[in-house]
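Shown next as structure tokens: one chain only, the form predicted alone.
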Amino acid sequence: MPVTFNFRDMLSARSVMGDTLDALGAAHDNVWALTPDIGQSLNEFKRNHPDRFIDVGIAEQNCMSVAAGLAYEGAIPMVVGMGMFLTMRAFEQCRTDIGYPNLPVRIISTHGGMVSGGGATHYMIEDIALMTSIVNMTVTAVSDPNMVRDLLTQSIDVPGPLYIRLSQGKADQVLYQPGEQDYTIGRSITAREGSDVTLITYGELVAQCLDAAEALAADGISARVIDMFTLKPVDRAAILAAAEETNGIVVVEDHLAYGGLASIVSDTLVDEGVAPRAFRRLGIPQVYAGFGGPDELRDKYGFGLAATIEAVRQLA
């Protein structure tokens, strides 16, 4: 019987990820788990499949190269670590060792956006720009903690490399009932129907956009919310429909405002020769943010809940 979750229940995406990897390890003897010293969520996998678990220590570049070597031998390596280091410190290994030979390595990164509390060096705000630039790399972002289970299970059949972005992963809001959404890579989810303005977002900010849409509904404004959980390949049809069916598009992301989803959406519209009636991007400006909580920083840099509501009001 499916487990029932209530809307906005809290659940740890890292726990779901760890349980799923353990199950995949039991079902597939070529699934390996690797980590650069952040393997607490992999304890079950380590206990049950010790011969297929590797902790390289704080050495992200080595972790990616070891994963590539295992993939050459027929393994499906799952690399779990803090995203700012997996994507930036090990970028050359992601590109040259994994992307170039198109190997089936899964890179599962935690701490997407400004959620770590660790200051500028520990914010993962460039990862979408970096990973979508790697040829052959599929790029996804988890908005609901249960989504990571479906993506990892689906990943067994993905032929090339796959990047999965989690938020902090300790306490995440449940947005979708398990089994009720289609998480097919390359598609998006219409998290809320709407006809006036479309909010396009991913990850933890899907919940914020749903809150914004609910607040706007009280003022008679109908906001569509698109959960673009696959950023590469992106759901071009959903973007074009948003431009043609609503009065404007607002892209909201916990990432640099240029180089992430807003750039992907605008590139798609230009490539297709479609001009939206209006377009706004809400994200991190060209700053190295200081310390603070996620909500505090999002408000400070103009992509929090209040700014999202105001942006939609201006376009409706």
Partner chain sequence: MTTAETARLEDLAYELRVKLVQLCGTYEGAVHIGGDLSAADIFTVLYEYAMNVDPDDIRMPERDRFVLSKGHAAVCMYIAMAIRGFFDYDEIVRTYGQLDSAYGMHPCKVQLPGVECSTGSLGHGLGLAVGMAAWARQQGRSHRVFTLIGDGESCEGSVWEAAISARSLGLGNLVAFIDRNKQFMTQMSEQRVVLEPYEDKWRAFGWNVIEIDGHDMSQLVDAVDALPSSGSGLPTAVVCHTVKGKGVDFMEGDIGWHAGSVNQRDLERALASLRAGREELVK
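Numbering follows the first chain given and starts at 1. Keep in mind that this is a model prediction, so the values were computed, not measured.
What comes next is about the form predicted together with its partner chain, which is not displayed.
- Listed residues 233, 101, 117, 178 were compared with its partner chain in the predicted bound form; 101 is the one with a heavy atom within 4.5 Å.
- Interface residue among 219, 182, 193, 73, judged by heavy atoms within 4.5 Å of its partner chain in the predicted bound form: 73.
- Though the partner is left out of this view, residue 62 does reach within 4.5 Å of its partner chain in the predicted bound form, counting heavy atoms only.
- In the predicted bound form, residue 51 approaches its partner chain with a heavy atom inside 4.5 Å.
- Among heavy atoms of residue 97, some come within 4.5 Å of its partner chain in the predicted bound form.
- With a 4.5 Å cutoff on heavy atoms, residue 92 counts as touching its partner chain in the predicted bound form.
- Of the candidate stretches 40-48, 248-256, 274-282, 62-70, only 62-70 has residues whose heavy atoms lie within 4.5 Å of its partner chain in the predicted bound form.
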